[in-house]
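Given next, in structure tokens, is a single chain: the form predicted on its own.
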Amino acid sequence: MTRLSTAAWLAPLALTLSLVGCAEDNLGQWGLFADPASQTPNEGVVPYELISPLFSDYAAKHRFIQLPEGGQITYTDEGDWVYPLGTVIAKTFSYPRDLRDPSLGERLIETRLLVLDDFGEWHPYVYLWNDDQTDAVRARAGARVDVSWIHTDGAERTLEYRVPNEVQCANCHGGAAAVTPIGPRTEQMDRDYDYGAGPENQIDHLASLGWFANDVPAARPRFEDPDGAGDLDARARSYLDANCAHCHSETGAAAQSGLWLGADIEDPAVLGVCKRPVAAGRGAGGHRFDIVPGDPDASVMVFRMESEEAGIKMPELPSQLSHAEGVALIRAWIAAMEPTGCD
């Protein structure tokens, strides 16, 4: 298949986006990658990383944004950026052969797109990579893929990886509200990325490309790297926002729980401190409160994060495994709280 230049595929893409529910059958037809196997983007497709990424069973991720020709983003300090119609946000999931040495290569598993149509609605599309790693075919119904990798402890691990169907994407990217991107926003994007000339702030780089329709302030809110050495509370809140708040929010799928875990939540009770869980019994493991200050072992939050059992495990989606590093962070965060006694 002949690869199209950026200019050549923009015109037919505009027509495609005007047809709600219509998308290319093969990922290559979107023209996002100059070299699919290495995830090298075409001109006009900009890679990015997040400060606090969502844990997905130790999969690696390659993230990209493409704007329509002449399109610009409306910048906001907090909340979602406003993207121009025709924006494509892409995320490829892969498994490095050895987590200790990414240079040994990886296996591409799936690529998910969020596409903003001419009516201002975001549509998710899921593509499954072929064995040759040359292209990916649309997988509307999702898939199951056997994967293996060498973990950080040197042991081989295996997993039946779950590629979601396109309807399931809305569970995280919308909940009770409309589908929307949840990653690329100011708090997550205000970090460095090497675009080929050394590390450069991602937001400043996008501004230099003329991607913003309004001025971008020099001082911006940002998350704390959960794996860094910064303030413990800030790291834990950043982790919870990225991994839990897409459901545990006012409009998320877990809104009825009353447990909201966004980084902007200030009420300790809403955050779970001495809060009785709405779903008691087996899901709570006999524990009485979501967070017991100073006692992670007595906290429902830690119990559910450590579990890999269906009906108990949190988060429910998208991962199957317990995130050992994330659990350790939340354990340390709760242990550092001043014990007050929830009774």
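All of these numbers come straight from a predicted model, not from anything done at the bench. The numbering used is simple: start at 1 and walk along the sequence shown.
Note that the form predicted in complex with ligand HEC isn't included here; everything after this is about it.
Among 248-256, 225-233, 70-78, 96-104, which stretch has residues with heavy atoms no more than 4.5 Å from ligand HEC in the predicted complex? Among the candidates, contact is made by 248-256.
Quick one: in the predicted complex, does every one of V45, A60 and H205 get a heavy atom within 4.5 Å of ligand HEC? No, because V45, A60 and H205 lack any heavy atom that approaches ligand HEC to within 4.5 Å in the predicted complex.
With the partner left out of view, is P296 within 4.5 angstroms of ligand HEC in the predicted complex by any non-hydrogen atom? Answer no; every heavy atom of P296 is more than 4.5 Å from ligand HEC in the predicted complex.
Any of the heavy atoms of P41 lying within 4.5 Å of ligand HEC in the predicted complex? Heavy-atom contact with ligand HEC at 4.5 Å: absent for P41.
I'd like to check something about M301: if you look in the predicted complex, is any of its heavy atoms closer than or equal to 4.5 Å to a heavy atom of ligand HEC? Close contact exists here: in the predicted complex, M301 approaches ligand HEC to within 4.5 Å, heavy atoms only.
So in the predicted complex, does any heavy atom of C274 sit within 4.5 Å of ligand HEC? Looking in the predicted complex, residue contacts with ligand HEC do not include C274, since no heavy atom lies within 4.5 Å.
Tell me, which of C244, A263, L108, A136 has a heavy atom within 4.5 angstroms of ligand HEC in the predicted complex? Looking at the other structure, the residue within range turns out to be C244.
Hey, which residues along 91-125 are within 4.5 angstroms of ligand HEC in the predicted complex, non-hydrogen atoms only? Contacts from 91-125: K91, R112, L113, L114, P124, Y125.
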